[in-house]
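Before any questions on how it binds or moves, here is one chain, the form predicted alone, in structure tokens.
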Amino acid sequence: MHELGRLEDLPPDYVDELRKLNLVPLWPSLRAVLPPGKPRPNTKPTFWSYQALRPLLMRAGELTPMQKAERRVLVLANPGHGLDNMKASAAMYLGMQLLLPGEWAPSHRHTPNAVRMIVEGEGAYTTVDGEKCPMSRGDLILTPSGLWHEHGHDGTEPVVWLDVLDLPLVYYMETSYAIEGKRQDVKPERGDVAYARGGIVPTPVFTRADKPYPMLRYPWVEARAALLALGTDRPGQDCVQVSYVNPETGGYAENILGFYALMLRPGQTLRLPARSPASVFHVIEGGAAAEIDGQHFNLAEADTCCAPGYTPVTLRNTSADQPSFVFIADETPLHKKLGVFETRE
């Protein structure tokens, strides 16, 4: 591939004239925006230790009352994007959020989609669009774009969860904003009860309420049981993984990011192919060693790491006699909608 002209090759007076008219020449930057062969992602393989960040999160609870924080979160930022940009990848934001006993995080709604993966503690809940969703470790709770949501805590111990949002994408498009609201009235319906069995959905005799997100809480007890059953039913299948989906449509649980749960059999090593979307891995139970682009991370329970797109990932269960369970978030729905999704072996 031949070398293109550089900006410094152009006469300074010519460059000045271009800039006065808000013009820039393409060719000096063409290789940067259209690199040959594959992208050059800014996302770097990055690891966040829960054991290391937890004391800092608890100290945040001492330093900053809820009325001064609204959402008490430590952002898991990828250094490849710059820590102040609050990105785990180009389209994903991660944050560890703390709610203390008796606290209430006020109701609001915003344009970015969000999910909560519960890390530790009992007694807290999220109310989404009037549906009260209890929080237990490993549960996945959706707060889709535009839906009112708030967090409360009736228990006795701190509750922590991992936030995953498509905030970087929505912010990049200049469509990110939030609206504050008042405490919600709780409705009797619960999607995690109505849609508790796979392959079986409620059948209305008359009309069904038009709810684009009929299921907001995905209990870990059900996802874990599904993984164990799948592993037993298909002993020769290497990748024992389930997807969090909309039970009415079978599509992704949310429309921009994808969410999955993976079980690694005792001692198993699993090589995932290089795909275009970036991925986040968070250990719910057990431990896993991850190799990403030549870097090695040892993940204990509640640890998190991310991998850039177009990069193969190898996961190994560090236990020889117990399964390991990993929550995964990625950008697959977005890539498929844009027509740029691809897998490379």
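Everything numeric here is computed off the predicted structure, so don't read it as measured data. All residue numbers refer to positions in the sequence shown, first residue = 1.
Unshown form predicted in complex with a small molecule; subsequent notes refer to it.
*Asks:* Given that the small molecule is left out here, which of Arg137, Arg275, Lys132, His110 has a heavy atom within 4.5 Å of it in the model of the complex?
*Replies:* None of the others qualify; the residue that does is His110.
*Asks:* Just give me the single entry in Ala124, Leu167, Ile118, Val240 that has a non-hydrogen atom within 4.5 angstroms of the small molecule in the model of the complex.
*Replies:* When the small molecule is considered in the model of the complex, the option within 4.5 Å is Leu167.
*Asks:* Taking 4.5 angstroms as the cut-off for heavy atoms, does Arg217 touch the small molecule in the model of the complex?
*Replies:* Taking the distances in the model of the complex, the answer for Arg217 is no, it never comes within 4.5 Å of the small molecule.
*Asks:* At 4.5 Å between heavy atoms, is Gln97 in contact with the small molecule in the model of the complex?
*Replies:* Residue-level check for Gln97: yes, a contact with the small molecule.
*Asks:* Report whether the minimum heavy atom distance between Lys87 and the small molecule in the model of the complex is within 4.5 Å.
*Replies:* Although the small molecule is absent here, Lys87 would stay clear of it in the model of the complex, with no heavy atoms inside 4.5 Å.
*Asks:* Please tell me whether any heavy atom belonging to Arg71 falls inside 4.5 Å of a heavy atom of the small molecule, as the geometry stands in the model of the complex.
*Replies:* Answer yes; at least one heavy atom of Arg71 falls within 4.5 Å of the small molecule in the model of the complex.
*Asks:* Heavy atoms, 4.5 Å, the small molecule in the model of the complex: which of 249 to 257, 262 to 270, 226 to 234, 147 to 155 makes the cut? Say which one.
*Replies:* This holds for exactly one stretch, 147 to 155.
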